[in-house]
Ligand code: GLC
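A lone chain, given as structure tokens: the form predicted on its own.
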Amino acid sequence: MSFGVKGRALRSAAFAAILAAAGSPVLADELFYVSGAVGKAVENFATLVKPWEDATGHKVTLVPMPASTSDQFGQYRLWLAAGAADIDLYQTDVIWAPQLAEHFVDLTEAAKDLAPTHFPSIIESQTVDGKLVALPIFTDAPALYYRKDLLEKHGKSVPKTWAELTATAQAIQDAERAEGKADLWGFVWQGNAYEGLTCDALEWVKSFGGGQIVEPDGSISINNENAVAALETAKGWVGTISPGGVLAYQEEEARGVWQTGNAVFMRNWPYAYGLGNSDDSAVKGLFDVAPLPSGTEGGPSAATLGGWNVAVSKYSTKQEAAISLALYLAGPEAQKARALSESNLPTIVALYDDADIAAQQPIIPRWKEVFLQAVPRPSAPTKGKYNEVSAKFWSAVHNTLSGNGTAAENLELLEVELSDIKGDGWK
């Protein structure tokens, strides 16, 4: 079982090493940890950190943020630019390292034993100019959630392409509504104008062969016919297999429709799997997941690489305790606990072979197939300008989905806007 139940992590060599590195505090510190939250993350956090609190004498207060990553990033930048000393640790999105690195403590030396146990690519994503500015606590890649009972009832297969998903969702939606289920929709996803829409739309575009908005070499690639086809396909879902309100949905709104049994398909992150199988869920035991569809027959799937990390603020006056907590949260005990309680994907390679995780969250070992299709957002090539790039992209996509111009028109304008942002180069 996890340490949250029986406290076994306190006896582990890894945890003991973290505590030894932290030393024995003369006076207990109260740390403030800021994080966005979806699902049961807030209520689970107290259980997650309790073994560390008990062992060190320190206390941790969670400062919850809005679920929108765009809102989180904006607030983080304000606090960090002001040198705020009252936030000790920040939970950060995988894409934020290049933009916020100057404000965080270099954890290279502190994590020299822990870092090699993580997926190298994820450690690399949090390394800026040779400094490890954040430690991974879980990774993310979305999947297609599907109602296996409804597919079986109507003789349908799990769709391999977006065209198949469109047809299958429409057929089952129509059939179920004819039987009186007026609230059932074919497909729910994240259509609000925020970072989540960048993730969804990048998957559509990449799976249609339309590139990654800005390529690894820094070239702007978004204005192409494959990207146009991807966005026009998604536009056709709004008001047909997806509710008109999907244009205001973030992750939790989509999950709300899904978990009440009112959707055939959903695009969402791993956290929704455990919640969907909770005792209060209308779809418990009725669904499964698969890689997201491709844009063309036999073509590639694409799943936007997500994930969260923990960074220690350079402005914290309690850095020693904060580093100890960061090491603990990025370590095997805390990662295992998150996997068991929230179905979060570990970044520590060995946990994919953990027997407890396989027994309690069998989806996690299977998620490797999804993870292999992960595609990064273009934060590395665009560097400090990524936030502007993403905002321009999701605005162009949202305009297209809302009927404000065609995909071709909006992507042509987007190319011009991104060229202006790039200027003489990405900096």
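From a predicted model like this one, the values you see are computed outputs, not experimental measurements. From 1 onward, residues are counted along the sequence shown.
Keep in mind that the form predicted together with the ligand is missing from the display, and what follows is about it.
Undergrad: Sort through 300-308, 272-280, 227-235, 100-108 and report the only stretch with a non-hydrogen atom within 4.5 Å of the ligand in the model of the complex.
TA: Stretch with heavy atoms near the partner: 300-308.
Undergrad: Do all of G196, C199 and R377 end up near the ligand in the model of the complex, with near meaning a heavy atom within 4.5 Å?
TA: Yes, because G196, C199 and R377 each have a heavy atom that approaches the ligand to within 4.5 Å in the model of the complex.
Undergrad: Just to be sure I understand the contacts: of V158, L351, V94, I172, which is the one whose heavy atoms reach within 4.5 angstroms of the ligand in the model of the complex?
TA: Partner contact (heavy atom, 4.5 Å) among the options: V94.
Undergrad: With the ligand left out of view, which of E333, E203, D140, D88 would have a heavy atom within 4.5 Å of it in the model of the complex?
TA: The residue from E333, E203, D140, D88 that makes the contact is D140.
Undergrad: Even though the ligand is not shown here, does T56 get within 4.5 Å of it in the model of the complex, heavy atoms only?
TA: No, no contact at 4.5 Å.
Undergrad: With a 4.5 Å heavy atom cut-off, would you call T69 a contact of the ligand in the model of the complex?
TA: Taking the distances in the model of the complex, the answer for T69 is yes, it comes within 4.5 Å of the ligand.
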